[in-house]
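First structure 1, then structure 2: two forms of the same chain, each alone, as structure tokens.
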Structure 1
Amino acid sequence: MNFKTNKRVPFVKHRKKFFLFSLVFTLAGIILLSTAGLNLGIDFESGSKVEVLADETLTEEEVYEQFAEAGSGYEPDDVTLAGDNNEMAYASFIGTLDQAEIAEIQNYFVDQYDNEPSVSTVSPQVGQELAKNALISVLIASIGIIIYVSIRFQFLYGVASIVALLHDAFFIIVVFSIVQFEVNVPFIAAVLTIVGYSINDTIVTFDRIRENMNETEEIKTFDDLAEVVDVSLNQTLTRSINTVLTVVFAAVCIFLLGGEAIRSFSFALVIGLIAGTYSSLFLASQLWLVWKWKSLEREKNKPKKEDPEDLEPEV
């Protein structure tokens, strides 16, 4: 097959720069997470959430004032407005409210708006259990993906896919550490959504690489293998860009118009989509290229088994 074309983005040529960028970002992210950490919501820490429903538009300042008037010490750690006219408010408290405090708050808002606010609490054990289950979910998904990709393609494809996938998830976490958006259950849902999107995009590229590999007569040098990867990436480039732009457009609209309650979810989607496209084009295929070439070299240098007939002693 003739892969020669006039216009082509030289992905493979700059692979070391992409590896270096990802490595530097990963190290910086580890330092950032170990110092600044994440803004964990009450889904992962012990706390209480009070859902206030009013018959008028609320502002954050009004909600804080209402809780201050409800009793001493009722200062929410975070207030999120929701509803078409911001008539709902979610007030989060780090640390659980006891029954007497919940009753006092509910009685106050019943008098104010004639609606009893619902209160949900998360104990430290539940928060730890949620965090543990979220981590287990990602690990199970990763193992399942490796098995699936290894069966459908080859083991190296599966490992490269998982590295790209973990890179995308880590990218989202680091950005959330920078902006200090709340990490909650919708955030985990967004990360798992990106895991699915990223692996799908990577598999499309790997599928094209496999097709081009089957049409290539012989891989003799690293440049031959790099040519296959470069051509495959360029053949899927337009599809990857068009797909991600379409999804990013929808995610940005949700971020701008969807309200405060799902803002962290939509923001995680936008960041994850960008990271997923980057890893599919600049990381996964390049890693597979390097590992595949080393595998081919090992096969080439492996000592050949001698024919048993050649070992028979001469009579």
Structure 2
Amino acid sequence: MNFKTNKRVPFVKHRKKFFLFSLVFTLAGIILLSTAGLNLGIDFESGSKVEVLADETLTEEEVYEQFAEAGSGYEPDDVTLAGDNNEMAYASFIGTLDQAEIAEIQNYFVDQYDNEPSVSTVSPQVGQELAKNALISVLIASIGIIIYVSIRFQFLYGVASIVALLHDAFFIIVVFSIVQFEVNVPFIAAVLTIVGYSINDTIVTFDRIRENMNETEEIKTFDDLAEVVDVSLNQTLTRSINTVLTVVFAAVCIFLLGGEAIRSFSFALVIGLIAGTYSSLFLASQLWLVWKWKSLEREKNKPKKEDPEDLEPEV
């Protein structure tokens, strides 16, 4: 893959389409999240999860019946089957079971299947705290990144990389709303991983833009600036593709071959990696381009405004 000047990928030319696509996606995502919402696991909603392991294949009806047999009032709000032969079942209850209820259920299933079911419970505050802390962390980290990038680069690079970062995290959340996979603690880890990857990816591209900006003599028109961005993106394109490909190898392998428990986690990783590459190539740099041009234009007009003697007669 050698991108010479004559066969460059015209990233900047189509920037408005990318902006429009991301805007539409974001709006659709907000609508989707406010209607369909997320399939929150009990990590985030008050509830209990009972993990039943049987010797034989189970069906959903059977599991509901078994719970009804175990005692009055045990009606799972959701039952999902797992395992190679559906010999496992996860029954979730909204609202926490107390210790006596847990014991009753466990005793019943020990008699039935000779296997003690695992019971997990969570009160709403714990899950919400976890999500809240993760969110606060991401926001604070974003501010830290803006500060660091502003010192090392320029303020606008920092803002654009944070937009890319939030875009990628939001993208995963929306996809999870579409497919309605369960959102649990590993999901948060996946989103955080993508946040890390997204920063890394965007900064590498920005580094090249900055370098090329230093080497460019003078920027007079928008096209001059666009040229720098286009060249930089093309110079780092091979690296971007190779890097994301290698990481996607790992994530897809874990998705296909890893255990059931890790599947939604690795799915989130794959989605996030794609979003991360997209945002670095098509979103962050183009946003920076537009903003940078505006600030350059403002600077050009500045000297007039700064000189009060020049200004006053006009007023």
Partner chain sequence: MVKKSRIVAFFVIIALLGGIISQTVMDTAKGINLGLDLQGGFEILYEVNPAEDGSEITEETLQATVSALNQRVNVLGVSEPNISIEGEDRIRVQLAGVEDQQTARELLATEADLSFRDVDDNERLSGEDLEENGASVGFDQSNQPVVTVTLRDGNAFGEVTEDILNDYSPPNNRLVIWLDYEEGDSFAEEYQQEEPKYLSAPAVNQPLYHKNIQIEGNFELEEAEFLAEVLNSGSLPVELEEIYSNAVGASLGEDAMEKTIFAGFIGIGLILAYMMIYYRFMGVVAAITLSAYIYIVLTIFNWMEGVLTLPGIAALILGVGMAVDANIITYERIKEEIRSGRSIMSAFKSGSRRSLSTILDANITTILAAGVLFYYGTSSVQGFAVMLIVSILTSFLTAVYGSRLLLGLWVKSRIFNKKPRVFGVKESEINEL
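Heads up, when I say rigid core I mean the largest set of C-alphas that superpose within 1.5 Å between the two forms. Please note that residue numbering is based on structure 1, beginning with 1 at the start of its sequence. Just so we're clear, the structure is a prediction, and the values are computed from it rather than from any experiment.
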I want to make sure I have the labels right. Is the form predicted alone structure 1, or is it structure 2?
1
Return yes or no for Q106: a CA shift of at least 2 Å between structures 1 and 2, with the rigid core superposed?
yes
Please determine whether the C-alpha atom of L289 is displaced by 2 Å or more between structures 1 and 2 following superposition on the rigid core.
no
Does L233 show a Cα shift reaching 2 Å between structures 1 and 2 after rigid-core superposition?
no
Could the core-superposed CA displacement of I94 between structures 1 and 2 be given in angstrom, to one decimal?
3.0
So, with the core fitted, how far does E61 move at its Cα between structures 1 and 2, in angstrom?
8.7
